[in-house]
Ligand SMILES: NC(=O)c1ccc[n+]([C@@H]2O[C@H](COP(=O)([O-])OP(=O)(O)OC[C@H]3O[C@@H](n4cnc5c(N)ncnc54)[C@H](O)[C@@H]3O)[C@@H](O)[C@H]2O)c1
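Only one chain is shown below, in structure tokens, and it's the form predicted on its own.
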Amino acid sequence: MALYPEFDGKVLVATGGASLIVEALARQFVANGGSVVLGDLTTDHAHDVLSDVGDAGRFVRTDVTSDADLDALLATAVEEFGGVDFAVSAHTIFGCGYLETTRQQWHTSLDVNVASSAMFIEKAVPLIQARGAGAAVLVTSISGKAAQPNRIVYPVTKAALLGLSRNMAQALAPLGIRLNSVSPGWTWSRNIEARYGSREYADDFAGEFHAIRRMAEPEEIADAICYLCSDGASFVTGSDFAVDGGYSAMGPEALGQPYEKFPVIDS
């Protein structure tokens, strides 16, 4: 974990508070002297998070599609810790609909993953401005950069987030607020654990997509978010930070698996 003395006394608000990435982010930010307010629709893991960060953390049940809930989340940061310096939109739903997707499923996924991210940042802007300057981060995905088998809805929403990041960064720059995105590769999460079981099995599957031959740890994504909030990234805005183990650098020949499956025939 990197050391960021500039986080001392600062306040970070994040959606997606029940995710392992945001849990790791909360631990890192508090370890550097900051405070965190986390929001998520599920509170099942709130105790685990708060036990790690103690009095420097708060967890608020938040439906990101509700303006009132987003207002309450941000108000908690002001009331409990005096303001907001950093906003991190890390919530998502994995709407992996394919050709059977209904219009309502499209509306739901776009509302949660895109519109609600935009509203959260918009609502945080005046609070960050009131503190002088700050930064925001959108957690996007490698899924927003390439087509993936049997998936349409989720990758499209993540591609939209990349566009939101670029355009919102331009709008926020004159206000003294930097905004960037982080695109993780496959990352160990509760969702992946539910789908694939053990970490070893999940790494065996996802490792073929990454040059490093494993999926990411949540802490590795949190490291990138911390950097983008830090003074070290003071000239970085409108950028996407790929933390994907080489996923986006590889072409269709991937890690050479086709050559292993179909070896060259010696003439």
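Note that this is a predicted model, so its numbers are computed, not measured. Residue positions are given as counts along the sequence shown, with the first one as 1.
Keep in mind that the form predicted in complex with the ligand is not shown, yet the notes after this line are about it.
With a 4.5 Å cutoff on heavy atoms, Gly185 counts as touching the ligand in the predicted complex.
Within 4.5 Å of some heavy atom of the ligand in the predicted complex lies at least one heavy atom of Ser141. Proximity of Ile192 to the ligand in the predicted complex: non-hydrogen atoms within 4.5 Å are present. Within 4.5 Å of any heavy atom of the ligand in the predicted complex lies no heavy atom of Ser234.
Using a 4.5 Å cut-off to the ligand in the predicted complex, each of Ala18, Val64 and His91 places a heavy atom inside that distance. Screening 97-105, 168-176, 152-160, 128-136 for residues having heavy atoms within 4.5 Å of the ligand in the predicted complex returns a single hit, 152-160. Residues Asp40, Leu41, Thr42 are the ones in 29-44 with at least one heavy atom within 4.5 Å of the ligand in the predicted complex, listed in sequence order.
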